[in-house]
Structures are given as structure tokens and as C-alpha cells.
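Just the one chain here, laid out as C-alpha cells, in the form predicted alone.
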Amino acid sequence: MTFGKFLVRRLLQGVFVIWGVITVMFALRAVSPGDPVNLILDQAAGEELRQQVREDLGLDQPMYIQYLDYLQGIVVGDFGFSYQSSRPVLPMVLERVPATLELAFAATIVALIISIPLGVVSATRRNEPADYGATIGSLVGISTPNFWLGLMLILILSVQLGLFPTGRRPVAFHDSIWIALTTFHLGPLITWFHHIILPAVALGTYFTALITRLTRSGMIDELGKPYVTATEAKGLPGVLIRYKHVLRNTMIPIITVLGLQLGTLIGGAVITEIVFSWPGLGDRFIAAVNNRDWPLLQGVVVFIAISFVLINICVDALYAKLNPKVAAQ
């Protein structure tokens, strides 16, 4: 199979997954109790006005007509209208995306900075205290819920020691970068960095443990291959062998997991954002659940699903480029 056919197949599979998410979300709205009109109008509103609102919203149409209309709207970029906020859903979702991406990328960077060197050390010093420490740390990281870790970080580092803030960031990353480039004032950027450290650590802990274990197992497998013995016989320094040759050959599965986990971080940042009052998609999602704002709720879930699918497709395409055998399967 050529790379083009491989990519087309992945795109078709992604469309099917997104369609499934849209269908499930619409079905949940259809079977949920309550009348959406009650969320828009006052309880004292007359039946005539209620019927008029139902007609305006299309709620008087058969369910399959409502479903087809919703699908058609998604295709053209219309995610619906939040009558509780009196705003279209798509702008309400998009305005929170930068904050979620900031947190997801920051958590990824924290995980990579810690996990890859730790995995290399653990693999090259097998059955030594460094290896045991890395193994125990990985098990603890995988087993620790990020919301509990976030609360502990706030209680210890913020409340008790006063080292970090507990509230949401006062300035966005892109704004702080723009200020730094135009006025050479680094204060907003430092403030943003100060606010994102704890959420990034809390969200990236599981990812750190996962990449550490993956790096360790990949390095151990590569260290036993003949080319490592050959490079050692040439007298190359051990650090050069480990990081230039062995680690490079270990990076393909790491890149795959990196892309998959990035999508997971975007969708899984909900609880972390609530704990740290981070103004991202998670914060908006919980608000939509509390207010029973179904259009906004559907919009957030569908947008996260689309993002997750697109990231997976990009990872598959990159993986197929690095390893052509994948596309040939």
C-alpha cells in the first residue's frame, strides 16, 4: 500500500470515529430528561411562547430531522447556539483552546525533559539504585491520579510554602510573548511561567512515567544489538553512543506514544483545569454540564474528538514516513 492510500484510509477511519462521537452525543441529548425550552424561558412563560421557541429551535421536528440538521451544521462549521450564553458555540470553544493547548504542550515538555534522560540512565544502569529509583518513580507516577497530585501540590507548594500561585493565569502565553517581543518586558512571560508550572507537573506526571518506561525498554532492546558493540569497539564515547545512536533508534515508538498522549492530554486536562482554575476547555465543559447547556457540551466534546483524531492521523503519517513498513501493511 502506498503512503497516499494509507493516509486516505486513516482519514476515512477518522471521519467514521468523529461521526460516532457526534451520534453518541446527539443520542445522549435526545434521551436526557427535561425540556430544553425550560432552560431558555422563564417558568411563567405561556405555552404559545414555548411552542414558538420549539419551532424556532427545530425541536418540533422528528428526531432524525434534528440529527441530520445537526450533522449538516457540523460539516459547515456550525456547532449550534448556546441560548444560555446567547452566543454561537464554536467561538465559545475556540476562545478556550489556546489555554488548553498551553497546558497540554507544557505538560508534554515537562514529561520529555524528565523522562528521556531518566529512561536512558535506568537502561544503562540496570539493577542498580538509579534503575530501581526510576522504576519505583514510574510506578508511583502511573498510579497517582493527577487531580490528587494537583491538590497536594497546591496545599504544599502554594498554601504552605507560598512558592506558586493557586489561581488561573492572568495573562495568556501568546499575549506574554507579544509583549516580550514588542516592549522587551519579560514580566508577563515570567508570570505565565510561574502560573503554569504546577498544572503542567500535575498533568504530565503520568506521561512522564509512561515515557520513562518506554524509553528504558527501548534502550535495553537496542543496547543488545550488534551495532552497539561495533561502535563501542571503535572507541566512541559512551554518552555519544547512548544519545546519538541508541536513543535515536528508540525514538519511533516514543514519537508514536507522544502524539497519542498529546491528544489524551488535550481531552484529559478537564480535571486538572478545574483544580487549578485554568481557563481552558475543561473549565468550559464543566460549566456546560452544570448549566445543562447541551449545545455547548456537544460542541466541546466534538471539538476534542476532532482534535484527537487529527493528532492521531498526523502521528500515523509521521510513523509511516519514518517506517515505510507501516504503510505497506
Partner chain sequence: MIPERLKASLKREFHQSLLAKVGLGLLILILFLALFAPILATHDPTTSRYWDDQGNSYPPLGITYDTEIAQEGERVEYTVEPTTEHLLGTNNVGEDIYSKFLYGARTSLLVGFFGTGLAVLMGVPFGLIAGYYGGRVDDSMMRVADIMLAFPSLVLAVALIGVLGAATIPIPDPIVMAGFAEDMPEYMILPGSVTIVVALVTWVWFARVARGEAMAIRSEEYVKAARSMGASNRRILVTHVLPNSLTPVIVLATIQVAAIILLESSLSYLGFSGTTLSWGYEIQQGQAYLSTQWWIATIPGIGIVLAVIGINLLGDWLRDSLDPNIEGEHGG
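Everything numeric in this text was worked out from a predicted model, so none of it was measured. Residue numbers count along the first chain shown, from 1.
Just so you know, the form predicted together with its partner chain exists too; it's not on screen, but the next bit is about it.
In the predicted complex, residue 146 approaches its partner chain with a heavy atom inside 4.5 Å. Mapping the unseen interface onto this chain, residue 92 falls outside it, with no heavy atom inside 4.5 Å of its partner chain in the predicted complex. Residue contact check for residue 142: one or more of its heavy atoms lie within 4.5 Å of its partner chain in the predicted complex. Put simply, residue 17 is close to its partner chain in the predicted complex: some heavy atom of it is within 4.5 Å. Checked against its partner chain in the predicted complex, the candidates 163, 186, 152, 230 yield a single residue with a heavy atom inside 4.5 Å, and that residue is 152. Between its partner chain and the residues 169, 242, 213, 96, the one pair within 4.5 Å by heavy atoms in the predicted complex involves 213. Partner proximity in the predicted complex, defined as non-hydrogen atoms within 4.5 angstroms of its partner chain, places exactly one of 132-140, 174-182, 111-119, 98-106 at the interface: 132-140.
Using a 4.5 Å cut-off on any heavy atom, the one residue of 173-207 that reaches its partner chain in the predicted complex is 206.
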